[in-house]
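In the block that follows, a single chain appears as structure tokens, in the form predicted on its own.
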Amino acid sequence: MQIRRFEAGNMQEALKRVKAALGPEALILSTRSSRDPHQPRRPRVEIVAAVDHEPHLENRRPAVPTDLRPRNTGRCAVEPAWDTGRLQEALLASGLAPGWVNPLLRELQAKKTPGAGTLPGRVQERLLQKFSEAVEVTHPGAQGKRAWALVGPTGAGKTTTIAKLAAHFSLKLAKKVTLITVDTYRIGAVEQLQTYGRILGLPLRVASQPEELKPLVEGLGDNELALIDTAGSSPRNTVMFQELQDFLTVSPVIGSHLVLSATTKESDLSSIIARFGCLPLESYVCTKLDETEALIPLFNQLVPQRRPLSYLTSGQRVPEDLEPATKSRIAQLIIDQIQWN
């Protein structure tokens, strides 16, 4: 096997260099964005690719048209004229991880069957199915005595999400809800949640120590939901993280849900998920969908975890900008990120 590294100013140019040097059968092993050391403001893309034999120019297949749309041959049923190399380029350029793209392409190629349709039809339909299968979703049970603790880094949107959940369950589902905060670090944190509680007509309890939280959650009614706001915890702040763990383990009634902002860059998402992964998390909550068009980094990080998404949020409206996560919705969000032309 020959393994080579390629660099270019963007993904499309880097992929062209891979194909020119190794041929269309080259396997993309990894992709990475970096900066030109001589011109720091200029972005660079690095691809590591491999081919299982020494490429020979004379054996190369002729270049194929890169139009992803089928040609009109006049027959009733035609093979969709999508090109695997062009599709690979589109998926990788969107930011999808090579470790997910390569097996997908092999499967699509193996299952390619005659039939009419265009890429934004037949192949895209298959991609939607694969994206749906790749993610897990859940709707955490709110029956009985339950306490949901929202955890995550500072700025992820935990407090606003709690307000949306509180409005959803109390106003739409007529469930008894209590707000609890253990965030006594952030200036104004208690006041912010207190304001939401007053507007929604919900009680607010404050626990500054783990021993104060335990009677609050264990004293809930048989069909009462407590929503617990926690302090933003950096994955690198060992002391605060240990304090968070102390709060979350005072009662088995408490279930933890990791809040992830869609605006977080992929390397930071990886660090956050790894650090909070030591907690007994029940689900992820994805926030700030309205603040970014780059949702694929989040998808890349969620797929290997196989831990479900429960809710998606966008905007500041309470509770309108909250929706239960569904496979079809997530798949469509990813498809919408891919540039087909």
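A residue's number is simply how far along the shown sequence it sits, counting from 1. These numbers come from a predicted model, not from an experiment.
Form predicted together with a small molecule: not shown, discussed below.
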{"property": "Full three-residue contact with the small molecule in the predicted complex, heavy atom 4.5 Å, for 136, 304 and 327", "result": "no"}
{"property": "Options 246-254, 156-164, 267-275, 204-212; stretch whose heavy atom lies within 4.5 Å of the small molecule in the predicted complex", "result": "156-164"}
{"property": "Sole residue of 232, 85, 197, 140 within 4.5 Å of the small molecule in the predicted complex, by heavy atom", "result": "232"}
{"property": "Contact flag, residue 31 vs the small molecule in the predicted complex, heavy atom cut 4.5 Å", "result": "no"}
{"property": "The small molecule contact at residue 46 in the predicted complex, heavy atom, 4.5 Å", "result": "no"}
{"property": "Interface membership of residue 293, the small molecule in the predicted complex, 4.5 Å heavy atom rule", "result": "no"}
{"property": "Contact flag, residue 192 vs the small molecule in the predicted complex, heavy atom cut 4.5 Å", "result": "yes"}
